[in-house]
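So this first bit is one chain, no partners, the form predicted alone, shown in structure tokens.
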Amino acid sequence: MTSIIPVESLKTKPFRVDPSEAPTEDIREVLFELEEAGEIIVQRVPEPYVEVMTKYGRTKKIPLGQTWHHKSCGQCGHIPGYSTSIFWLTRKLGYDYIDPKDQTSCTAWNYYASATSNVAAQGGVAMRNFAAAYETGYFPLIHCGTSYGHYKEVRHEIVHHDDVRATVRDIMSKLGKPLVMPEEIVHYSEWVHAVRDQIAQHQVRDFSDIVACVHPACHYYKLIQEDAIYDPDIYGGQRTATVSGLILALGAEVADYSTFFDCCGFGFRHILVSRDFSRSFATMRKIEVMKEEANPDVVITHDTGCVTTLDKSQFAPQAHGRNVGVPVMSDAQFAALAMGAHPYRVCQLHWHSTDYRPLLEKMGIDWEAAWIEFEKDLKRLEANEIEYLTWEDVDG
């Protein structure tokens, strides 16, 4: 493993396994107290589930099936292969799920980028989505790291502030919906982490020669940090285990680099008002450092903004001869490719800006033949022979 901070030295640091050291109380206990008092309904994690360890030693339940997929507006708009890879993995592993038609955006980008919203509005949006999931009997699985982190902050506000809870309850009443909070707020990458060994069992492509750098999403592990998954066998428990754990399970190499903890450059407000800063930060503080210190074949991350910023920021510095040119994808796309998913029908890598074709060749994928197959699909769609690609089409 290429390491700036050797993994062995990280293991000399104590792994935090004492829940009493966590900066906040176990909010699930408070949720159950509120439920007993008639203040809220707590939706339990359905069985079967996997228990994982979080940063300070608490356990967290990750549902395997009966998941209600809270999609990401950025994934659907900019990286559609991200969402389709998550769905493909779920179906391929045989788990039941719902792709809801009545889900709304979490509106967290508005909250973080412009600060024009308010606590009650944010709480109302979150609780309406949770109520929609509860009404189906399926458990929310959050695709977006921003939604995931934001919903945890909303949960804190509703649980700890009676006035906010009363206001949001009134909003829900007007919508004819109950005030429901899930027992756990679960990110899709936590689900991927929980089933990583199953994914490895279905692996059909050899990734042993693939070197990957990991970018951990800030909104996954820096917001309510005690709720993120850590593992003493991954970086000695000093860094979040999601993504890295999957890569290792698939037999690829995780290469370390010195700016591991830095933001991808997205940052919400400055991607809107100072995009040049975002692109410069993404390439000079992240991609160029990875290239110089680890020279990876691919960067794997687990959030919408991170994939978008790290991938699509590379075109400008590449035009100026900078040391960039590393393909970027999500852990779900990486896992799907390992299991034999079509690079275009499922993973939709043609939406990505940085050249991914050398990586596909290293994975043993004939991207030219795959592209010809995909072009035939497009011609069938254009001729109205089919309305959309079916599961049989993408799994063929």
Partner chain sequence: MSRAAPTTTFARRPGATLAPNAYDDVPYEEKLALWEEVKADPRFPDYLYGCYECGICVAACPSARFYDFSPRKIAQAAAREDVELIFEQMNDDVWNCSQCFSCDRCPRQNSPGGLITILREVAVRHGLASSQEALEGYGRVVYKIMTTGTQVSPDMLQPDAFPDWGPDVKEVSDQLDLWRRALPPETLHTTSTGWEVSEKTLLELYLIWHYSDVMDMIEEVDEGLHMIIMDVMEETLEEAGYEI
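The structure displayed is predicted, hence computed values, not measured ones. Numbering follows the first chain given and starts at 1.
The same protein also exists as the form predicted in complex with the partner chain; that form is not shown, yet it is the one meant from here on.
If you check the partner chain in the predicted complex, you find no heavy atom from any of Tyr49, Lys60 and Asp209 within 4.5 Å. His352 belongs to the set of residues with a heavy atom inside 4.5 Å of the partner chain in the predicted complex. Proximity of Ala200 to the partner chain in the predicted complex falls outside the 4.5 Å heavy atom cutoff. Remark: Phe268 counts among the residues lining the partner chain in the predicted complex, judged by a heavy atom distance of 4.5 Å or less. In the predicted complex, Gln66 stays away from the partner chain, with no heavy atom inside 4.5 Å. Contact annotation: the partner chain lies within 4.5 Å of heavy atoms from the stretch 307-315 in the predicted complex, the single such stretch among 226-234, 320-328, 184-192, 307-315. The listed set Ala166, Leu93, Cys73, Val289 contains one residue whose heavy atoms approach the partner chain in the predicted complex to within 4.5 Å, identified as Cys73.
Along 373-388, a non-hydrogen atom within 4.5 Å of the partner chain in the predicted complex is carried by Phe374, Leu378, Leu381, Glu382, Asn384, Ile386, Glu387, Tyr388, in order along the sequence.
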